[in-house]
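Quick setup: one chain, the form predicted alone, written in structure tokens, and binding and motion questions come after.
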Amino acid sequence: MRNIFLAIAGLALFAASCKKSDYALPTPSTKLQNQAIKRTLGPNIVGQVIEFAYAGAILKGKLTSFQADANIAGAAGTYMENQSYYTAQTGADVGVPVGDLSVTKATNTMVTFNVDTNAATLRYYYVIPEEARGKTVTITFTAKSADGESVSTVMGPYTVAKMDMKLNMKLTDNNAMYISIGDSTVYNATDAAAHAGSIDLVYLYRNLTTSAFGHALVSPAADPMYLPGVTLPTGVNRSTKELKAFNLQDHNLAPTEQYGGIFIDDIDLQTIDLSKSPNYAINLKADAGVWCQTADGKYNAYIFFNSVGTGTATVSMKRYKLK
């Protein structure tokens, strides 16, 4: 493990990084110290992970355990790594095993150390459960040492979004082309007929010489000129308001380094004004998006085109229930 003085100094520097002046590096304390940071950005969405790094160090003695206590139990997959991470000169994160596999019981997740170490940084992954939707989550981290000392730090509270998210829905012209925002599902014609009252959009692709049509999301109730060659299943007749958007590559829906800084949150889906929007969106391309509001005013959504082919598209969606 790395020198304990460096570990404690690192903790002190971490805490001091927000100060602009009049700061002197403190003398390393013999007491157990700890610090935590939240590593993930953007809205906290049910089913997604909030990642933390938790560090503890003691000048004399050894660490015996790290634990995380959540006010709301995490969903399946919540755990703490049993490797301590440090940053190599190359900039890469390097993990060194220091403890047993973590054990999660209800709201508590713990790693018990099985090596003689006085400094460690472990990562904790909290999977946001359905129970936390629209609520706040707080995580209390605690480190313990062999001499019976313990120290804790509290992270949060973090508001969990009310929105839903559905990734990588496959669309195919003249087959899987009927989108239900309420069901977060794509249907073919047969299934759309069985769910006629919930179909909000029709996907189609037309390579026309007379106009730039291309990939489109069109309401069933739109003017038939925007549904060329489409025979709608019986009862599919809703009118969804739509607004095209370009250069809005939400990082949750397009999780690449290229689009790392934009996140659509609850407030965006709550406040988008679609009252004067049409009920069709044509000439859509990869990385384009469409804001939508269902005919019953129950949902606002943002549908993002991850990729397109000839008569095919992959889309992802964020959805907010208004009422």
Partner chain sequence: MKRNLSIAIAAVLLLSTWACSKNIPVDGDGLLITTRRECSVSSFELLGTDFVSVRVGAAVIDTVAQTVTCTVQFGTDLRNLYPQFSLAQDCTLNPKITGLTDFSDLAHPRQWTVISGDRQIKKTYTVTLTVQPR
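Numbering follows the first chain given and starts at 1. Since we're looking at a predicted model, the values are computed, not measured.
This protein has a second form, the form predicted together with its partner chain, left out of what is shown; the following refers to that one.
K.L.:
Only one of 134, 97, 228, 197 comes within 4.5 Å of its partner chain in the predicted complex by heavy atoms, so just point that one out.
P.N.:
Selected option: 228.
K.L.:
Tell me, out of 40, 30, 283, 270, which residue has a non-hydrogen atom within 4.5 angstroms of its partner chain in the predicted complex.
P.N.:
That would be 283.
K.L.:
Its partner chain in the predicted complex: within 4.5 Å of a heavy atom of each of 167, 182 and 190?
P.N.:
None of them does, since no heavy atom lies within 4.5 Å of the partner.
K.L.:
Do residue 278 and its partner chain come within 4.5 Å of each other in the predicted complex, heavy atoms counted?
P.N.:
Yes, residue 278 lies within 4.5 Å of its partner chain in the predicted complex.
K.L.:
Can you check whether residue 89 is within 4.5 Å of its partner chain in the predicted complex, heavy atom basis?
P.N.:
Residue 89: no, not in contact with its partner chain in the predicted complex.
K.L.:
Just to confirm, residue 221 within 4.5 Å of its partner chain in the predicted complex by heavy atoms?
P.N.:
Taking the distances in the predicted complex, the answer for residue 221 is no, it never comes within 4.5 Å of its partner chain.
K.L.:
Does any part of residue 208 reach within 4.5 Å of its partner chain in the predicted complex? Heavy atoms only, please.
P.N.:
Contact with its partner chain, yes.
K.L.:
Given a 4.5 Å cut-off on heavy atoms, tell me which of 156 to 164, 169 to 177, 104 to 112, 209 to 217 is the interface stretch with its partner chain in the predicted complex.
P.N.:
Result for this chain: 209 to 217.
K.L.:
Quick one: name the residues from 232 to 250 with any non-hydrogen atom within 4.5 angstroms of its partner chain in the predicted complex.
P.N.:
Contacting residues: 243, 244, 245, 246.
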